[in-house]
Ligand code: ADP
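Just one chain follows, in the form predicted alone, and it is written as structure tokens.
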């Protein structure tokens, strides 16, 4: 139906929780200004609301229609390409479009952040005129003369605050010189760049070996043809995948195309940025959650305005407003940190990268030494183009790997020990030679549990279903899920027995102290969530280790991937089998990837490397294959098991999560959902029974989930949408759809 008062209508997505677009009339004075993707203010139930224009049209679905009140942005904040991506995400991840847009746009952009402005001082006359005037006033006005002395050495301009600091004066002398026409004071926009003052060295492209050259050739064929193609770059650790990325990016720049480079951990960002700046100075922007709001605002606009052609960041960087995207790289594509699982949309940035590549006719590179089974299956079946790098770059050899059975070590030491003899000898040897060691333990803290010897009760979090971890630095027991802390109790809370409390389990903090006790003069850096809380701490600690200021780097998953330290010749994996006992279909894959990745940190330079894997399950096939770094053999064995049990990549897996403060009501709702899903889906889809999640309570909320498995996501999404529309739920209970879930346990 055509409106009577408007010639143009806008379909608007509001930021409030309404799962559909609403139509508004475009006033005549705004007709020439409105564009899809613009931020607007519109009325809803008598109140102004913020939204984004989805599309413009000449007809309206209903009358009377309310008008757009104002444009909140003078330009498009969401490009057509990213809008299309958002629409696909809303359908695939079964999430309201307004929630998808919140994931796509940083909060500082949604909330109208501002560019930082400062005063800049420039010369208003020639250097000769300034020098002459300076001589004439030096005795009468010495401070003005000092200002002119400083300005004579400036290339173009200088910030007013910097000039005042150099001269050591107030604004008076500078204002006087500006009033007399010798200087100009103007307002300028200042970018709050996270790259400011970062150190780097210029490098040149390296000569590629035959495998690298072949992989690059495959990538450039689709890049130069501006044809969508997904390349799986599967190369052993240290095989030179990064050099292939760099030379592909160089070609993209020559074609005037932009590149998005995703890394899984913020800890990898400093090293990645340093390598990329060494080739592409002045063309890089960074996006991740550790940036300040101002830095993120400036970097986002730098990308949108085309002042940066290369974007490096964590998973949300895939949504950046980079124009003319030609290349998308997902490094360590197998990493679980690319998956958002705690809030909707539960997207996987790797899959979004492939979809954005499709919508922008870009070449997509998925790189890994241990690809996810899904990606390798796609390469094996021809969906992706496979390029293999079988050898380490620069003629480096794979490290020598040894598995040590810790049961024998416990027997020799007549009790528990953190380190086998071979590992201690290896650390001592490296320290004497000036080489370095990395120790990997995927548990932080000092002790992982405090329990009563009398009744066996462990001290648990008051708000979560998890044991508290003891941190010696703070002398507190802490919950790693909600942050709750408490002092160590004097007696058991359950049986009240005094002096029966006993610490068990080992974390990175205890490993650090134990190593100091054995080698008092050793220099250690610990890299975990406790030591990297502050901004810039990752960069600082890794730079210290990289410049040889420590002999040993102890860490959690942060040290297991992507890091390149040529002086590291020994890696110790302290507890390789902890995750194997997890009741999760990806447990073996996760353990294989972790061991292989951390082993790959050894021997990356000209020096030979060694890896010592400590395990109580030394005969386990996964650990043995990881020690051999034989991914192909692991894949062939694991894929048979996945096929037999109908797990991904052979079937789609969706997890529906429920959480609420009332345990009984939450469980009842989950069971009701299960019944409705069974009734709504055909027999080729299987709905698993409702179970408590691996962490059954987090932040005082009880958690349950059910799994749905079948050949396609679309029918599952259809039924999920129908059930959520018709089944009323208490306000306190949250329901979350985790499409393509990575875990059947947590």
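A quick note: this is a predicted structure, and the numbers were derived from the prediction, not measured. Positions refer to the first chain, counted from 1.
The next section is about a form of this same protein that is not shown, the form predicted in complex with this ligand.
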Which of these stretches, 237-245, 316-324, 636-644, 654-662, has heavy atoms within 4.5 Å of this ligand in the predicted bound form?
237-245
Listed residue (388, 523, 564, 288) with a non-hydrogen atom within 4.5 angstroms of this ligand in the predicted bound form:
564
Which residue among 453, 206, 534, 127 has a heavy atom within 4.5 angstroms of this ligand in the predicted bound form?
206
Evaluate residue 604 for contact with this ligand in the predicted bound form, applying a 4.5 angstroms cut-off between non-hydrogen atoms, and reply yes or no.
yes
In the predicted bound form, does residue 302 have a heavy atom within 4.5 Å of this ligand?
no
So in the predicted bound form, does any heavy atom of residue 123 sit within 4.5 Å of this ligand?
no
Give a yes/no on whether residue 393 approaches this ligand to within 4.5 Å in the predicted bound form, heavy atoms considered.
yes
